[in-house]
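Coming up is one lone chain in structure tokens, specifically the form predicted on its own.
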Amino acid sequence: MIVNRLIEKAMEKAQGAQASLGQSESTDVSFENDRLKSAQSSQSTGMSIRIIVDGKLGSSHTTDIDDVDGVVARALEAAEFGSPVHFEFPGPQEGPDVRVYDDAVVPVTKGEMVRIGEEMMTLVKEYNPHILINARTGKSVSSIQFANSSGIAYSTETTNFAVGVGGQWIRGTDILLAGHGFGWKKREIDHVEVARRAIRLFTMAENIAPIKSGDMPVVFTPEGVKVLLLALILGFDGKNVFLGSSPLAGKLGEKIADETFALTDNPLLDYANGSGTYDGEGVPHQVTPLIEGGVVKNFLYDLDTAGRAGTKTTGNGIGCSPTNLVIKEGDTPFEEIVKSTEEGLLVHNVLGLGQGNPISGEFSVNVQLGYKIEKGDIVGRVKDVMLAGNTYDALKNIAVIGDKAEWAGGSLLTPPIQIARLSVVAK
């Protein structure tokens, strides 16, 4: 394998090395403004190496798989000015069994992908012919070869399949953008249901409902829950914890959320986007509870940050990033959450996520697609509305958690969540 050649070449001068070769073939079909825009296939290749020389780390990457000598030489050069290393490359360990490859993805043709897109567009057009529709269908097959100087050597193959449909509905000066999509590592996706979900978002937005500024109950759909997740992703990053920039630093074992709230990093869910047997450093993936009963249980670490912090990696390298974040289901159906709300806001997605001070939990965002709840009914879409608050305060103020978790944003599995009170500002 090429990765073994990379290791052999690097170890002529290095004390440790890790190499990977990734190759991918993908096909994408896209529709724009009611018409087929493109149907194309592409291939990509990337080769990377990380080395340890005299206690310093160097790395290099190339798309030229014949450039073994060059990529190693550049990594050696980078190591001269690299940061100090606080870890050793791990030895072989048996990884968990998780399904990330589906044979049914490979034979899907461009023609079938075009048909899927056309069927989704037709359904939306039957609902409302005035919506200008965009749609997409994509598939990919990827392989990774990995090896290091401590004896790890393996290869994996993964597949991905995704569909989505949405569009814009222009009524005078009002422009409504809505849509729905889903993707994972399996061919099995009900594209008709994807289109129906997009239609439901448009249907709920047919009326425009005025809303007054003030503190009120806010219900986040699974997609909308991402507003609260950004701060948690940054907060549980082991590097931020070690550096002391995370507000969760020093709070291991402390209660930071309502006792009904539980959050887990789970890379072992079959076919989920963030799932796999090993992380990017050859460490077996594992399930890591982050919050249980509102209490902080663990942080996410890669090899280097774990070494600096004097702990063990959680299999989240390189970069301490989460895999699949899973929020525990509650026991209240979404319909009951809405029915029990006298007046409030339903948030589906926002613009400007990341404004404010995300590391501290502060957010101030424009609601891109949100709906007013009045006397237990969703009465229409809100316009020119901002939502402001603090994630950590909101998690202490959870009113209810829905009983059905859904995938949102690819790697988040969450039920809807209602926060008892948040600041809503109407222009």
Partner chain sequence: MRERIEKALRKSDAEYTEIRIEAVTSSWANFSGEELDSIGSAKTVGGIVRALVKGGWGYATFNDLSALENRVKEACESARLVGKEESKFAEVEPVVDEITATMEKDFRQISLSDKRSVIEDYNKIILGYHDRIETSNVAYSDSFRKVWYGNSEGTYIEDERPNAGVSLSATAREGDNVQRGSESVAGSAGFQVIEGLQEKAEAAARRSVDLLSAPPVTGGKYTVIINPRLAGVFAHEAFGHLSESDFVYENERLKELMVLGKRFGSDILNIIDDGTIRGLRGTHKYDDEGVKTRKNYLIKGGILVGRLHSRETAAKMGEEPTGNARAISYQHQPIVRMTNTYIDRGDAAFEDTIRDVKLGLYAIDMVGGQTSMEMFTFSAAYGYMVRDGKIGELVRDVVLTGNVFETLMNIDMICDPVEWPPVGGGCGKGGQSPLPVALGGPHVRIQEVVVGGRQQ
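What you see is a predicted model; the values in this text were computed from it and never measured. Residue numbers count along the first chain shown, from 1.
Omitted here: the form predicted together with the partner chain. The next part is about that form.
The stretch in contact with the partner chain in the predicted bound form, judged by heavy atoms within 4.5 Å, is 242-250, chosen from 242-250, 275-283, 218-226, 156-164. Although the partner is absent from this view, I373 stays clear of the partner chain in the predicted bound form, with no non-hydrogen atom inside 4.5 angstroms. Proximity of R74 to the partner chain in the predicted bound form: non-hydrogen atoms within 4.5 Å are present. Among heavy atoms of I175, some come within 4.5 Å of the partner chain in the predicted bound form.
Using a 4.5 angstroms limit between non-hydrogen atoms, G402 is distant from the partner chain in the predicted bound form. The candidate site formed by L57, G82 and S360 is fully in contact with the partner chain in the predicted bound form, as each residue has a non-hydrogen atom within 4.5 angstroms of it. Contact annotation for 375-399: residues with any non-hydrogen atom within 4.5 angstroms of the partner chain in the predicted bound form are K383, D384, M386, A388, G389, N390, D393, listed in sequence order.
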